[in-house]
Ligand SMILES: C[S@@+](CC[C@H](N)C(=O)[O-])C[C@H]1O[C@@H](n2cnc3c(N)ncnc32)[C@H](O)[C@@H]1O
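Below you'll find only one chain, the form predicted alone, shown as structure tokens.
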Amino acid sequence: MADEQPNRFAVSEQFRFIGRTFTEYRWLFDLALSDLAGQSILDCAAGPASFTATATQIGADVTAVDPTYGQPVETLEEICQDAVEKTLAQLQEKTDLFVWERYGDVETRGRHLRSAYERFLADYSQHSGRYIPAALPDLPFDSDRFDLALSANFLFLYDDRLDLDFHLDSLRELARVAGEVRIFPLASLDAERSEYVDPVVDQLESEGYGTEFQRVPYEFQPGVTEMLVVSDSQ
């Protein structure tokens, strides 16, 4: 993936193009509104999340990155609809594997997914400059461009597809461009803690990065309630 420009349709199939709402981001990353206003924020890989659109309205300067961007709104809408349908079908078959306190049921979860991508598409159609078609571990930004970088449901989720070197390179890159990096979740698709979390943290600490595990007010995979916070090396 780092060696050549990926086919964006292939990427969206390998890593399903779904996003979260602004409210869900606040849960995932334990964000207060005071964490956002006046801050320069990177969302990577953002997918069709509505965070950029909503956070911008409350005074944050947000840039979203995803390799699937750069396509017409109509194409992205088709990709979003297909991704949500597939996700909900899987959730319906495996409801007992998830915690439903926040959502109640699959139908409500689906409303969140659709609300996120509908808000994203509306903003993307009017402010495409906020949405940069790029991919980890190589980001097209100057060092220290952002105050905060957020990465949801990508790193540590796909142990079967992304190796240790990819995780290390990606976190170093996020820490290069942002003063603070927050990653959630720290579990792979099977809800087990990613095998890469501890070796990544050990290596980053040996290189001088600050790392901290913080509990967040969100649980969908049972027991998965921690985010990793990484600060740039001094």
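These numbers were taken from a predicted model, which means no experiment stands behind them. Just count from 1 along the sequence shown to find any residue number.
The following text describes the form predicted in complex with the ligand, which does not appear among the structures shown.
**Asked** Can any non-hydrogen atom of residue 166 be found within 4.5 angstroms of the ligand in the model of the complex?
**Response** Residue 166 belongs to the contact set for the ligand.
**Message:** Considering non-hydrogen atoms and a 4.5 Å limit, does the ligand approach residue 64 in the model of the complex?
**Reply:** Residue 64: no contact with the ligand in the model of the complex.
**Prompt:** Can residue 44 be called a contact residue for the ligand in the model of the complex at 4.5 Å between heavy atoms?
**Reply:** Yes, residue 44 is a contact residue.
**Prompt:** Is there a non-hydrogen atom of residue 49 within 4.5 angstroms of a non-hydrogen atom of the ligand in the model of the complex?
**Reply:** Output for residue 49 is yes: heavy atoms within 4.5 Å of the ligand.
**Message:** Using a 4.5 Å heavy atom cut-off, which of 90-98, 121-129, 149-157, 70-78 contacts the ligand in the model of the complex?
**Reply:** The contacting stretch here is 149-157.
**Asked** Looking at the ligand in the model of the complex, do all three of 20, 25 and 135 come within 4.5 Å of it through at least one heavy atom?
**Response** Yes: 20, 25 and 135 each sit within 4.5 Å of the ligand in the model of the complex.
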